[in-house]
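Before any questions on binding or motion, here is one chain by itself as structure tokens, the form predicted on its own.
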């Protein structure tokens, strides 16, 4: 759960303008604390992915800034990338590699030494729980197995914050539950998460706080329980619907 120490991620008035007067994301401000799971939710085209890609230093903001571990995405992008990992929804793995070979390959990109790389691989093996299947080629894996492997790859260097876009997209109930539990366990150990998902049940279950974004603007933030009470809603889907539909922002 979140605590009161300085935020791991600070997003300050972040905006992306693609042409004059047309913003994909505008004046977005929020933070994520140590050990907190923060979910950014919104309809398609709302600005979620644009915001996430700016934070991950993949897009340059038009205005505003974001800091991870105190480092600015504008002036210290290399340092920012040392403190975060990012798993896009469309991410894939090298299918001609074996699972363990893939983890070893990726660990060398994160690690500063062979010893550290070996530790990362060990951590990833524990996280993905694929056992002997790590000796098989990834092309033989189910979608759920690939997603577990990718999540393990994202988390193995123990970043300050892991950014996960649709972490359980397309997975069956069992695999989705396993990944959600994994995220909550890692957060309890102090890792921070920024999630994006269309699955409101998932968001309600796994998140400490939620930000609802539409038309490029962050319209509402709060704990799921607080939002349910505020909007007198039965579930987060109803909150989401009311916030987006009642917005006067065009």
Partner chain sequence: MKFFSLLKKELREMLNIQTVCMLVLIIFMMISMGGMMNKAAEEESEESGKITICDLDDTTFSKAVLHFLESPVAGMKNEVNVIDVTSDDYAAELKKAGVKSFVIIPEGFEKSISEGKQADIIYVSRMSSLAALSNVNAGSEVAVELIGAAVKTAIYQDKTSKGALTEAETKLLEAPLNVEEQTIVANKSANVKQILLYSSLYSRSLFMPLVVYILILLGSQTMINAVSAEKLDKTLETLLSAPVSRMHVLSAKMIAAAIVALMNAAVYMIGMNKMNMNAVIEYPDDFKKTMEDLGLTFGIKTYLLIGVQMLLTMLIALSISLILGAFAKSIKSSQTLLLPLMFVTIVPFMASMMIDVTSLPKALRYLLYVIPFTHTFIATDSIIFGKTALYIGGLIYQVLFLVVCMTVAIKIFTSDMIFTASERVGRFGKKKKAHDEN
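Positions refer to the first chain, counted from 1. Each form is matched to the other, and the largest set of C-alpha atoms that superpose within 1.5 Å is called the rigid core. Because the structure is a prediction, the values reported are computed rather than measured.
Another form, the form predicted in complex with its partner chain, is not on view; read the next lines as being about it.
Chemist: Heavy atom within 4.5 Å of its partner chain in the predicted complex: which of 169, 101, 140, 72 fits that? Just give me the one.
Modeler: Looking at the other structure, the residue within range turns out to be 101.
Chemist: From the list 60, 198, 223, 181, which entry has a heavy atom within 4.5 Å of its partner chain in the predicted complex?
Modeler: So the residue touching its partner chain in the predicted complex, by this definition, is 60.
Chemist: Does the trio 122, 136 and 144 actually contact its partner chain in the predicted complex, every residue with a heavy atom within 4.5 Å?
Modeler: Per the other structure, none of 122, 136 and 144 touch its partner chain.
Chemist: Does at least one non-hydrogen atom of residue 209 fall within 4.5 angstroms of its partner chain in the predicted complex?
Modeler: Residue 209 lies outside the contact set for its partner chain.
Chemist: Please tell me whether any heavy atom belonging to residue 95 falls inside 4.5 Å of a heavy atom of its partner chain, as the geometry stands in the predicted complex.
Modeler: Yes.
Chemist: Verify the contact flag for residue 159: yes if a non-hydrogen atom of it lies within 4.5 Å of a non-hydrogen atom of its partner chain in the predicted complex, no if not.
Modeler: No.
Chemist: In the predicted complex, is there a heavy atom of its partner chain that lies within 4.5 Å of any heavy atom of residue 91, even though the partner is absent here?
Modeler: Judged by the heavy-atom cut-off of 4.5 Å, residue 91 is in contact with its partner chain in the predicted complex.
Chemist: Have a look at 183-191, 24-32, 214-222, 50-58 and name the one stretch with heavy atoms inside 4.5 Å of its partner chain in the predicted complex.
Modeler: Single hit among the candidates: 50-58.
Chemist: Using the core for the fit, does the CA position of residue 235 change by 2 Å or more between the shown form and the other one?
Modeler: False for residue 235: its C-alpha shift is below 2 Å.
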